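Just one chain follows, in the form predicted on its own, and it is written as C-alpha cells.
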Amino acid sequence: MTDATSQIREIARNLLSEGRVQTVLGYEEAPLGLGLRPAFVREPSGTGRLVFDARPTLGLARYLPGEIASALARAEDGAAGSGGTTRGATVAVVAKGCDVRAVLRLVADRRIRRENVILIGVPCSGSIDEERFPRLIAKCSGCDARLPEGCDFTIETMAEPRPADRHRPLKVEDLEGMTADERYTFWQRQFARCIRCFACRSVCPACGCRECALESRSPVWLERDVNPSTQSMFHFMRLMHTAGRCVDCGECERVCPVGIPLTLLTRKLMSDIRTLFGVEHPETPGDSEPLARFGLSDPEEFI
C-alpha cells in the first residue's frame, strides 16, 4: 500500500488527465517551512506538489464556491472559443471527515451542487502540531468524524483511525456544571481577549453572506468600539447565525490568534439541540435542519 500522498497524487493525476475535473484542491508545502498551505492544481504535471500528513491544515471547503465558479467561467470561455457546448465544472477536493461535513453544509445551503464536487476522502487520526504542541490540536479533541463518509474516492491508510479523544482542559459538561454567574465570568474573560480580527467568521463554512451584518455600516448592528458588551454581542451574533448549521469542524477555534475556546460554545449549542429536538447528529447537514422547521410539539419553555 502506498502512502496517502502518493495515492492522492495518482487520483488527482488521473482525474485531470481524463478531463473529469478542472481543478484539484489539496495541500502543498508552504515556503520557509511554514507547514502546509492550500494547493490549486489544474494540470496533471502539477500533481507532484500535493502533500498530505498530520500537520494542521486549513479546511478547503471555503474555496469551493469560488473555484467552481471560476472553473465554470473557464469552461464557458472554452466552449465559446471552440463553438462547442459547456461541459460544466467539477472540482476535486481532498477532505477529512470534518471537511466532508463542511462540503455538505455548502450543498445544503445551495452554495454549490454536489455533482460539481468529487470528494477524495482521507481517514484522519487528528492533526498534530509537533513544533508547538506535540499532541492533538484542540479542535481535534472530541472529534468523532475520523472516517470520511460518502466520498467518491477514499484513501487507504495503514494506521487505524485514532479513537475520539475527549481530553481537553474544559468540556461542555464542565460548563454545564458551572453556575450562571461562573459561566458569565468565564466567557467575559475569554471575550476580553478577542481582537475582533474576524478570522473565526472568515474560515467558517456556514458563514456565506455576501455582506456580513457584523461589519455593516448601514445599518450598524454592532458598534466598532471594543468593550465587554460589544465583544459578547459579536460572538453571540456569530454563534446564533450558525446555530443548527455548524458542522463542528473546529476551524473557528484553530485560527483564533488568542486561543478562545470557541468550540465550547458551538458544542454546547449542539448538546442543547440534541436534548431539545432529539437530533442525534446536529453537526451533520440533513434534509431538514433542526432549527429550520416548526412543529406544534416543539419545546417552548424558553419563549
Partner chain sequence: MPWNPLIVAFCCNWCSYAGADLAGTSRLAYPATVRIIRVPCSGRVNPQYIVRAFQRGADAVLVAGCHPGDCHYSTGNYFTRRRFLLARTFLEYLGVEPERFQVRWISGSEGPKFQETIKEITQAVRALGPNRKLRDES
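Residue numbers count along the first chain shown, from 1. Please read these numbers as outputs of a predicted model, since none were measured by experiment.
Absent from the display: the form predicted together with the partner chain. The rest refers to it.
Partner absent here, but in the predicted complex, which of 90 to 98, 67 to 75, 105 to 113, 222 to 230 has residues with a heavy atom within 4.5 Å of the partner chain?
Stretch 222 to 230 is the one.
Using 4.5 Å between non-hydrogen atoms, is His281 touching the partner chain in the predicted complex?
Answer no; every heavy atom of His281 is more than 4.5 Å from the partner chain in the predicted complex.
Wondering, does Tyr184 line up within 4.5 Å of the partner chain in the predicted complex on heavy atoms?
Heavy-atom contact with the partner chain at 4.5 Å: present for Tyr184.
Any of the heavy atoms of Val172 lying within 4.5 Å of the partner chain in the predicted complex?
Yes, contact at 4.5 Å.
Counting only non-hydrogen atoms and a 4.5 angstroms cut-off, does Glu215 reach the partner chain in the predicted complex?
Result no; Glu215 lies far from the partner chain in the predicted complex.
Tell me, which of Arg62, Lys268, Arg55, Arg42 has a heavy atom within 4.5 angstroms of the partner chain in the predicted complex?
The residue from Arg62, Lys268, Arg55, Arg42 that makes the contact is Lys268.
Option touching the partner chain, based on a heavy atom within 4.5 Å in the predicted complex, out of Ile273, Val255, Val51, Ile260
By the 4.5 Å criterion, the partner-contacting residue is Ile273.
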